[in-house]
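Quick heads-up: it's one chain on its own, the form predicted on its own, in structure tokens.
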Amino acid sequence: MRIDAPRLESFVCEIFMTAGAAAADASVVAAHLVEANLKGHDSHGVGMVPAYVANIRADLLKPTRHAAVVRDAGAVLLVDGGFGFGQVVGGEATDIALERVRSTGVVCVGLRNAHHLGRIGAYGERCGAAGMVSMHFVNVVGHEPRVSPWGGREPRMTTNPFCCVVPQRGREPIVLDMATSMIALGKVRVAHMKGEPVEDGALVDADGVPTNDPGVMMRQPMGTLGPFGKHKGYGLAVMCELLGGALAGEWTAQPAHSRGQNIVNHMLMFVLDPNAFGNRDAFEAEVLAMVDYLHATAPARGFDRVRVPGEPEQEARRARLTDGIDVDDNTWAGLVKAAEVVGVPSASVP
């Protein structure tokens, strides 16, 4: 079905409020998920609602928790999310970083024990909108690994996102936001829901044979995702595991830790004020000039123009705000079932 963003956001918000979240927190989470759909990342959008509801009911996601600073060393802070909504505690941790960086010039914030943070680019965009540079290293734990290391066929990590954001004066920030696996696990779920194949090179089955069937990640014996860019993506995934997981979270995917059905993110976030280098005007001028230089590149066959990171999402958002968001039948059925489970009145279902 196709639904406009405000109606979808209102429906999702009601589901979380009925499940026990405060209205303000439910609104934050719903807005974040729908924004992911608007920006073309359905893998991190409203399709996550059933998993969130299941984890609330299993007492794995604590819908009333907020971020708490547990260590403050000036330019270095450690924040515990208490397994609250990732979108809530992640936003709070980012705001803590933005407040502190104004006096320190650079700040490093470790966020541990956040339920699924969703689209990491949202926190980078928050920094970019404030005129700051940011980098985010994230790992994913709480359940069985899904991604094999380069050269292997057994899962050892998960999709371990990396994000880097650079502000642009008078324009939207440049946002590099990506899973370190070939594709995000949520994109496999979306393809499975739609009955579509995934791209070549993303998956192998349980025997290590390449496949386009997303179902190999949904049944036993399970296949695995591989890293993007061969050894290079794998190397970045390892750094996300060690910096986001070992340093910020003290919890990596290695098997000494329990695994269940939870979705836990740890994030190491660096935020930098360009003013700390003393010549913000020169920095901003170089950014704009370099982006314009990239935009002026003659497009290769099959491309209409050259884009910088973040622009495809901006284009998708404009189109989906106008045309509505397509939600496949299986995803919509999951949303309706989640609403029913928590007791949302049937009259509230769009």
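In case it trips you up, residue 1 is the first one in the sequence shown, and so on. Every value quoted in this text rests on a predicted model; they were computed, and no experiment measured them.
The protein also exists as the form predicted together with a small molecule; that form is not presented, and the subsequent description refers to it.
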Counting only non-hydrogen atoms, which stretch in 230-238, 72-80, 184-192, 269-277 is within 4.5 Å of the small molecule in the predicted bound form?
184-192
Please tell me whether any heavy atom belonging to Arg318 falls inside 4.5 Å of a heavy atom of the small molecule, as the geometry stands in the predicted bound form.
no
In the predicted bound form, is there a heavy atom of the small molecule that lies within 4.5 Å of any heavy atom of Val107, even though the partner is absent here?
no
How about Glu35 - does it come within 4.5 Å of the small molecule in the predicted bound form, if we only consider non-hydrogen atoms?
no
Since only the chain is shown here, I'm wondering whether Lys62 would be in contact with the small molecule in the predicted bound form (any heavy atom pair within 4.5 Å).
no
Residue among Gly223, Gly86, Gly124, Pro161 with a heavy atom within 4.5 Å of the small molecule in the predicted bound form
Pro161
Which listed residue (Val101, Ala93, Met157, Ala179) meets the criterion of a heavy atom within 4.5 Å of the small molecule in the predicted bound form?
Ala179
